[in-house]
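Here you get one chain, nothing else, as structure tokens; it is the form predicted alone.
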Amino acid sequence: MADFTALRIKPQRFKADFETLAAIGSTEDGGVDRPSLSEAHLAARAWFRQRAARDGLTVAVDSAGNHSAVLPAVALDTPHLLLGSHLDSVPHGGRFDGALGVAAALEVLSTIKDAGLQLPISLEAIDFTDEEGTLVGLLGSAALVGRLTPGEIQSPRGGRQSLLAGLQRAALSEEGLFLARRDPASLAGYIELHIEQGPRLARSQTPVGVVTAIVGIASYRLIFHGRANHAGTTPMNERHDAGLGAASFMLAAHRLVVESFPDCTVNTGLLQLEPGAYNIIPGQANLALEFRSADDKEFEQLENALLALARQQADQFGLEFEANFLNRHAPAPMSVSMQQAIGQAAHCLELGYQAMPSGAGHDGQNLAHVCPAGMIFIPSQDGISHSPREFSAWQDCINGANLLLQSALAFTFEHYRP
């Protein structure tokens, strides 16, 4: 077997691809606006097909709209090692989130093809559909591994009509979403390069991160029921103010997580008061609750503690309370074999690394259920993401792409010796 450890990507080609992608759906403030299955997203996917075909890679699009470029192995019917991410963005997002991983995956395949390196398994660069959740969230990867449910399609987070309109633009069907499942035996593994989207690597000046787990994420709609009444004539000590219950819970939840669950996060990103007037005491408060943990046991403990705290705050202000469950993604540990391959490759490249969980959701949490999955992080300047101000130094991007290349080769030759 030839020594592959000296192989490196072509930085100029990689940068040209990245900048071409950044121009598709670009915004005046330096970001991108490519929500899933929008016209800009479809244009980015057209570029993906053209780019892959230009380098002689096999192009495939499945019935969930996942786009793939394949560098086949010499032998037929070999499993595929997937490398990739997503080309959709949040509304008015950044250039690096997702797109960097797709461009890097294409560059890895082209580099190996240029080198004439024969692999015992096929490599596949993949762009998953709707990772960001404009429509459903992790839609393409869930479809690929068979975890997509009819309920998610009937009541998607982005609205049923938006989903149907997006599917129509992309010439996809609801039925087709459930036909995209692949046999797990056909998947050798999955590796994704991504920006960290947080401040840890930048603060510690660590070149790369090796992801140990992707956090579990759960969300609820909390409703505090009080009694609407005149804001001027109702004494302060006789009010049943739903807004006070919600506000008190928000502060208490923050304190609870900081003090008792320091490795977790909680967010209350939406608060609606009804009837919603200056001179009416809120009779109802609707609160969007989301919480995250990378540990299964702690995830359950956090859920129980937050719901108990909400009931306690409701009682304190004389309110009725209800919690409506919305969705849950369980914590997903990354494969030990993938972490070892990435660590081995980082050592080969003389890149210092930090083992760390991912605080954001990624397609890898679906792939982890059916095959070895791993993720590589590079630093995010100031920890900013989902914003036009999202930025990673280009040398960090090159480091990440070379680490993706070497990790793929290390994993392949360790587990599929020719």
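Residue indices: 1-based, along the sequence shown. Since we're looking at a predicted model, the values are computed, not measured.
Missing here is the form predicted together with another copy of the chain; even so, the following discussion is about that form.
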property: Non-hydrogen atom contact Phe317 with another copy of the chain in the model of the complex at 4.5 angstroms; result: yes
property: Gly383 within 4.5 Å of another copy of the chain in the model of the complex, heavy atoms; result: yes
property: Partner proximity in the model of the complex: Arg182 to another copy of the chain, non-hydrogen atom cutoff 4.5 Å; result: no
property: Another copy of the chain contact at Glu322 in the model of the complex, heavy atom, 4.5 Å; result: no
property: Listed residue that, although another copy of the chain is not shown, lies within 4.5 Å of it in the model of the complex (heavy atoms), from Glu174, Asp296, Glu238, Asp114; result: Glu238
property: Single option in Ala188, Ala332, Leu138, Val257 placed near another copy of the chain in the model of the complex, where near means a heavy atom within 4.5 Å; result: Val257
property: Another copy of the chain in the model of the complex: contacting segment from 144-152, 288-296, 117-125, 74-82, heavy atom within 4.5 Å; result: 288-296
property: Another copy of the chain in the model of the complex: contacted by all of Leu244, Leu251 and Ile280, heavy atom 4.5 Å; result: yes
property: Partner contacts in the model of the complex for 330-365 (non-hydrogen atom within 4.5 angstroms of another copy of the chain); result: Gly359, Ala360
